Structure formats: structure tokens, C-alpha cells
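This document starts with one chain, in the form predicted alone, laid out as C-alpha cells.
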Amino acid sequence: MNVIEVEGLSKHYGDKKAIDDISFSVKKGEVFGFLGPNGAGKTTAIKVLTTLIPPTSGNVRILGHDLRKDAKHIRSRIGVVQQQESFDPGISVEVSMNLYGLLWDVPKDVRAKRIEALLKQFGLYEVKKTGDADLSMGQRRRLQVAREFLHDMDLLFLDEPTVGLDSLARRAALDFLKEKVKQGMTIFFTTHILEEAEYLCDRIAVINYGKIITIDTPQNLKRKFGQSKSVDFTLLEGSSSDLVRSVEHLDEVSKIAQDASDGAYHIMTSKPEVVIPMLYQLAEKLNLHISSIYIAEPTLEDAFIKIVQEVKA
């Protein structure tokens, strides 16, 4: 079953095409990434799909219901965490959670259990009596995400949900989302942190200038567009300008750089199997010794940058 079905969707603001004739579908139990640079159309798409703004043209079905005809029913079965901060100055974390549960008509006993569990899950239990305005940016963001899980839903829209979170809080949130997906939830996910998308998403759509450029799995995107691999190595001697000059002139090498923090060299190449033997030969000729070497696979970020740059070109 497709939880989201989009055909020829457009949203125009005068002459500006924020979304330009896009089509895609999202399967039940899938984490669908929606990636693109700033201004690409991601947030506009979420606002349309969550019934906040009407489309200019196209057909959309959410959970089997027509977006235009059944907006109220759709809203009752989805969750939304928007990119903009949303908090209630003057009331505590605990009260904010409780009010949110009341808005969704969650029974009192169920509400109390969920609030306690979510406060612990998102690291907010110790600040539950603290006013929202006195929380850090990361704590407010965690509260914003946690509140959404007070009510039952089939589909969750997340627009940059981990903004302001430190590494530990971010990983905990992603793992929590993964567990919810295992339980049957479907997630529509945007982020600027490509490692998050690679960790969480089953498929990814890349959008730019309002158009979807490609849709595929993270692995396939890296395979298709992340063409250059990195040969990373270190020298016992620390560094050698002679070796750098020699490597730079190899036809198979697009770039070589040295990391100032640890002295490691990074060679960008599409043919590491050719470069590595040549590298050893050059080092031996210069009486240098390679202490470690390995091949780093292309990242999703590499693929994403290449996709977006090709569209600009």
C-alpha cells in the first residue's frame, strides 16, 4: 500500500514555481527522505502534503484519501514537526506535553503514561518543571518532536527535526524513529545532515528548483553519483611535498590534500586500484614509507553535491 501518492503536483506563488510538476509515492512502513538545498521546495511540499496550504495543480492521496476532499480526516491521522520552532513560553515542559495530549483528545491515563515515557526517552525528565522559554534550543527541539508522539498516527512528517541537537541526542532521536518504523509508522523526512538521511532513509528523493531530480536508495545514489573514492594514507615521515607533486600529476587523481589535524593524505580518484600501486612505487622512489592506507567509499554527501551541481550546470 502507498501511504502517499503524488501525481503532477505544483505550487505556484505568482510566477515563482515553488513546486513544479512533481510525482512520487511513499510505501507503508518506509522512511522517505526529501533532500535538497535551501529554497529547493522541501518545506513547501510538506505544507501541501500536510494540508496547510492548497496545491496549484496535481493530485495527492494521503493514506488513501484525496488531499482536497478529505483534509480533515488526513490531519487526524498524521503528525507534523515543522522546521520552525514551536513552544509555549510561560508554561513548563510537563504542562506543554499535557496540553498537547488534550488537544488530541488522548485519555488522561494514557496521556500520563506517554508523557512520562517520552520525557525520559528524549532526555527531558529532569527539566519537566522548567518553563519552555528557559530551555536550550536543543531541549526545545526535543520537546517539539516528543510532543508529536503523544497521539496515535500512521504517517509522520519531519522537517529538519534534529536542528540544534548534539550528536548523542540526534542519534537517540533517530534510533527512536527507527523503532517506530518497525512498529508500522511511515516517515517523510527532510534534513540537511546527509549522514542522518543515509542512516535512516529507505529511499531518497532529491529536489532542486521545485523539481525532483532523482529518487533511489542511498546505496544506489552513492553508486551512481558518488564516483570518486578517497585513498587515505599516512607516512612514517609525516609529510612530503615531493610526493604530493608527483601524485598530483597522475591522470587518475583529481585532487590530493593533507589533513592538518592528523597529517593523513586524501587522494580523490575514480580508480583506487590503479592509484594505490603507483603510490607505493612513488613512495619507494622517494625513499618514503607508507604506514597505513585504506579506501574510503563515496558518501551520500558526495553524491548529493554532484546531483545538485549537475542540475545547476
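Everything quoted here is computed from the prediction, not taken from an experiment. Residues carry their position along the shown sequence, with the first being 1.
From this point on, the text means the form predicted in complex with a small molecule, which you will not see here.
Think of it this way: in the predicted bound form, the small molecule has a heavy atom of just one of Glu94, Glu148, Glu160, Glu198 within 4.5 Å, and the residue is Glu160. A single residue from the set Thr44, Ser246, Thr51, Gln258 has any heavy atom within 4.5 angstroms of the small molecule in the predicted bound form; that residue is Thr44. Annotation: in the predicted bound form, residues Tyr13, Ala18 and Asn38 each come within 4.5 Å of the small molecule through at least one heavy atom.
Heavy atoms of His192 reach within 4.5 Å of the small molecule in the predicted bound form, making it an interface residue. Using a 4.5 Å cutoff between non-hydrogen atoms, Thr217 does not count as a contact of the small molecule in the predicted bound form. Heavy atoms of Gln83 reach within 4.5 Å of the small molecule in the predicted bound form, making it an interface residue. None of 248 to 256, 267 to 275, 30 to 38, 60 to 68 except one has non-hydrogen atoms within 4.5 angstroms of the small molecule in the predicted bound form; the exception is 30 to 38.
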